[in-house]
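Next comes just one chain, in structure tokens: the form predicted alone.
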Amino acid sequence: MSATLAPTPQISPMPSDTASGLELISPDRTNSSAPQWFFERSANAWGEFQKLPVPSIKDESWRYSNAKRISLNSIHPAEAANEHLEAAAVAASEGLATAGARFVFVNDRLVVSETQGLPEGVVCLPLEEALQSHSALLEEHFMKRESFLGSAKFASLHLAHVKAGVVVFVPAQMEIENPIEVFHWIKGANAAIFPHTLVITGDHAKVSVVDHYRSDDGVVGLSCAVSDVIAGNGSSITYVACQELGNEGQALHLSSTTAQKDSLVKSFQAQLGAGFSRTESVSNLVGAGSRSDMLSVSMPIADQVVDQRTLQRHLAPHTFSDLLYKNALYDRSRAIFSGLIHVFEGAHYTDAYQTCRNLLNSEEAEASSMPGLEINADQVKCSHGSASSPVSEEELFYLKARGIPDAEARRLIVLGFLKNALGRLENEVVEAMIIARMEEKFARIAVQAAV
């Protein structure tokens, strides 16, 4: 594989918008060669963003949360970073031991692209290039799914400004052995990025994609990301999002998966950074025999808030979904989970599960869970459960009695608690990468505890 530096596009000045009392600026597409349908959707989305109100805590989909934590007042679309910052981001973009392709974006600009070695026929392109070369494919699939979980305003903001991301299409009967890895960096204060990932597989194809979202500590920044995953008949897709923004970062990730007949989609969220993060994950099981595994781990510390909203939509009979979210909370952090299993009419013999577990490492940590069911079919098996508990004193005593210090004993217990969800990926390379990122978070927790 070879690395190439992408040219940095010049951005024309953009007029300020104050219609919503925001300092965000309207998108500029004058230098873009995107197709007309994309221009129209982008313009319509900007209009929708201006019309839609900021969600309030009174909205059921934002219960226990606060959309005002996503600060729009001083945020602006990220400007091009200088060569020094880009080089620093590239140097710090360490992830998988082996990747089938690799991209690095800094402030929504492509700076590294490594794609050589992929099988012929596979499409793996930056979004801007894919819009030109595969316009019909994107017009059919690009952000065509409704925003069900409360962030329609932010979905419109994303569509209005999106220009960076990766499009992956794997034709029928083809498998990509090593995961495709993408890094999205925020560099500079008060900068917003809008990463997009679109993954499509033909019948009986297989691929894994890993997204990283990162920024420097102490810098306010917003990542407003969207991922769309569409699995063809009998195909398999693993999608992983690893969010590690700095402690002042704000992260919003809207994820939609569609599983056709006999397909398997695994979606994994690792929330390891940001002062406020919100994920909205919708799984659409539209083909008989399809399966969706929705997995997540988070480790909020200090005053961090992790807000998780999920929807399992069973639209066909004989479909299966299993959700397992695990949160390990420290200090004064908060975790919010709200999930719904929705079995539609005619989706008989649905088999669906939903589990959220919270491990509290502090008396001040708080977890709120709201699981739910809506069943409109017969012969179904559906269950949900949620539990929160402190670290077991018996487990701590067992480890400490064998000479393991308190901090290390707690680390081992938390790691064991979270690995249950991680192991469901069944991908050693991806698991090793996430564990390495978790170990870095454990190191920061240890430093904070020593202060």
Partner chain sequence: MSLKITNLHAGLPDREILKGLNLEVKPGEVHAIMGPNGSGKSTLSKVMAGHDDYAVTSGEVMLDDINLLELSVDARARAGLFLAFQYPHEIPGVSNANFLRAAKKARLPEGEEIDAIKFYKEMYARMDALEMDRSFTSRSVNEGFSGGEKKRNEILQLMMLEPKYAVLDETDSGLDIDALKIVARGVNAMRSPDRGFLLITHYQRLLDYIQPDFVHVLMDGKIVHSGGRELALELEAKGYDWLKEEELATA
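Positions refer to the first chain, counted from 1. All figures in this text were calculated on a predicted structure; none of them were measured in a lab.
Not pictured, yet referred to below: the form predicted in complex with its partner chain.
Novice: To verify the annotation, which of these, V391, L399, A34, L52, has a non-hydrogen atom within 4.5 Å of its partner chain in the model of the complex?
Specialist: Contact check passes for L399.
Novice: Name the single residue among A387, L412, I57, A43 that comes within 4.5 Å of its partner chain in the model of the complex, judging by heavy atoms.
Specialist: Only one listed residue qualifies here, and that residue is L412.
Novice: Tell me, please, which stretch of 34-42, 58-66, 379-387, 413-421 lies within 4.5 angstroms of its partner chain in the model of the complex when heavy atoms are compared?
Specialist: It is the stretch 413-421.
Novice: Just to confirm, G47 within 4.5 Å of its partner chain in the model of the complex by heavy atoms?
Specialist: Taking the distances in the model of the complex, the answer for G47 is no, it never comes within 4.5 Å of its partner chain.
Novice: Does its partner chain come within 4.5 Å of any heavy atom of E426 in the model of the complex?
Specialist: The answer is no: E426 has no heavy atom within 4.5 Å of its partner chain.
Novice: In sequence order, which positions of 208-230 have a non-hydrogen atom within 4.5 Å of its partner chain in the model of the complex?
Specialist: Result: empty, none.
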